[in-house]
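Laid out below as structure tokens are two forms of one and the same protein chain, each shown alone and named structure 1 and structure 2.
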Structure 1
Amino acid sequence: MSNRTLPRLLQTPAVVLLLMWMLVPLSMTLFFSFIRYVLNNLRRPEWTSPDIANWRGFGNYEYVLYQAKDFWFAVQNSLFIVGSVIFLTVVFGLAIAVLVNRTFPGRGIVRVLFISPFFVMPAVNAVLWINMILDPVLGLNGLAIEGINNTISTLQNLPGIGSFFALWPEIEPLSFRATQTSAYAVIIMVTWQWTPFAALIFMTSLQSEDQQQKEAAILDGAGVWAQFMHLTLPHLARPIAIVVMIQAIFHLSLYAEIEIVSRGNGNKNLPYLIGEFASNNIGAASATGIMAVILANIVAIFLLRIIGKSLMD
């Protein structure tokens, strides 16, 4: 066997598998997005099987874009969730990375504690947060508010100084199961899970920071903040870009958290909307899917360019 053939043969299974994985379902989605295809329709049974005769052109796209009331809401909500999570994880991740980037007692344990949330399975993360922590009655959220209210009413009942507290209101616990607030719940839990990811990458990157430059800056009298802004932050520019884009891609397809926290309460993102359409209107689900692919690709192109550049270093 020649020097070229064997390496090529070794790659073949991986390439073929991924090619099939990418092409087969995606071309089916593309096809379905151009035909009328529903799972149940008693009056038009011919629409219930995928058939080229039911060609609809861009009809499904028009339906999704202009008539289905949830599409724009889902896009907006997807971007809101992704944007908030990225912002929060980068800020927290930077803070943690800078904090841990010095020697102190128990640093190893602190690292381990910080990284742990990342390994919790998403389903458990969502169930844990929405029930045991954020529940307005039985979760820690509810218990804490109840505790505060009890303290206030005890103070109000004190003889003498009680009247001083008379006007303090009773606090209502915030429910995280409504449409808007459950988006906040999703943001909280995903931020909790992904901050370790950002922190870990920044920590790794900080270790390669030029210390001599930093010492020079200190000798020149640069403060901690100036050092961070003019040395550390520029050094972290590429890791930040990578963290932002990887998270954008992962969180645009966020699903388990939405499914668990928001099922049926109106909060939805694109993958969840696709799941809803897919329970009957396959044409619309596929059209939405194709648009989600386009959205993800816009981010992916930038990310792949950065990664491709660093590949051969």
Structure 2
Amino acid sequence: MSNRTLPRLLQTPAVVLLLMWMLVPLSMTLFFSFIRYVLNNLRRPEWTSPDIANWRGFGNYEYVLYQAKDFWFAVQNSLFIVGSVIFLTVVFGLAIAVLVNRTFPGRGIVRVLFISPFFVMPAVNAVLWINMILDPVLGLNGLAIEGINNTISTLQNLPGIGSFFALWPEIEPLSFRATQTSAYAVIIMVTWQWTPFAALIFMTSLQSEDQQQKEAAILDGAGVWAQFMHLTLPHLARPIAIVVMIQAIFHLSLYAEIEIVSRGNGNKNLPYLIGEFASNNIGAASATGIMAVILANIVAIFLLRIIGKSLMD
């Protein structure tokens, strides 16, 4: 037996198990997407079981693409939420990493504290934010707006400047459960939870930054912003690309935050739409799932090309 044969034989059970773990669910989903499979249908009881006789071809895909009113909105909302969260986490993560990378008393404690949000469960994170912070009545959102209105009301009674503040309208707190704002609530809470992850990656990379280059730049008269743009940011190009790819993979599957914030009222993404279909129409849910996999792969290929380019530069 050659030196290569034995390792391959030892690896075969794990590879076969991994392939079954991946291919069996994917194959079943692909099969369900081509048949009529409706869990509750009194008129056509034969559709309630996954049978090849219920073959529908691309009918489920046509239904999802052209008749399901929320599909394209879910795609657009998914990309909007993912793009917004990635942009904000990278910006805030860079700012925090650069600040915390400096030497100051208690730096170790600060690092531990600001990483802690990443370990909060998504459902707990959503409940805390929507009820204790963003609630327009009992949350910090409502209390802050009430405090501002009370302050303005007090200033309106002062002589001299009262006439100026009398022109100010009363501020109404935003309801982040509403159709127009629920997506922003999801973006806020997910950004808060994932910014520590980005900052941790960036802080680790900053430890290997060439300090001699920075000292030479300082001697040449380069300011703080010039050092950041021409030294620090190029040094963080690879970590930024990795953070973007990892977060895109995770955020395309957001579900708990949307369910808790709005129950899908004007704020659906593809996983949430799949969950709605799966309550009865398994065929449509499977077709949507296959299209979600295709979308995720398109995003992954695009991001991998960006990462590959940054690694080669």
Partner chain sequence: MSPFVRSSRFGTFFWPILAWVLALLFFFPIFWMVLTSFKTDADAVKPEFLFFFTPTLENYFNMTENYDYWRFAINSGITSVFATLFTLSVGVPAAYAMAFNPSRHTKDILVWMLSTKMLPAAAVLYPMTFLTKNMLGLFDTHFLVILVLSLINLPIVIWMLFTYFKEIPKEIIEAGKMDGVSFWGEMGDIVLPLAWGGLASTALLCFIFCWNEAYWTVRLTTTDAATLSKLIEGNRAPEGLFFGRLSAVSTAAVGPIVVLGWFCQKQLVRGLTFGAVK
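For residue numbers, the reference is structure 1: its sequence is counted from 1. So that the term is clear: the rigid core is the largest set of C-alpha atoms that superpose within 1.5 Å between two forms. Values in this document were obtained by computation on a predicted structure and should not be read as measured data.
Student: Between the two structures, is it 1 or 2 that corresponds to the form predicted together with the partner chain?
Tutor: Note: form predicted together with the partner chain is structure 1; the other is not.
Student: Superposing on the rigid core, is the Cα displacement of Asn131 between structures 1 and 2 2 Å or more?
Tutor: False for Asn131: its C-alpha shift is below 2 Å.
Student: Answer yes if the CA of Ser84 moves 2 Å or more between structures 1 and 2 after aligning the rigid core, and no otherwise.
Tutor: It does not reach a 2 Å shift.
Student: After core superposition, I'd like to know whether Ala241 moves between structures 1 and 2 (criterion: C-alpha shift of 2 angstroms or more).
Tutor: It does not, since the Ala241 C-alpha is displaced less than 2 Å between structures 1 and 2 after the core fit.
Student: Rigid-core fit: what Cα movement does Ile301 have between structures 1 and 2, in Å to one decimal?
Tutor: Once the two forms are fitted on their core, the shift reads 4.0 Å.
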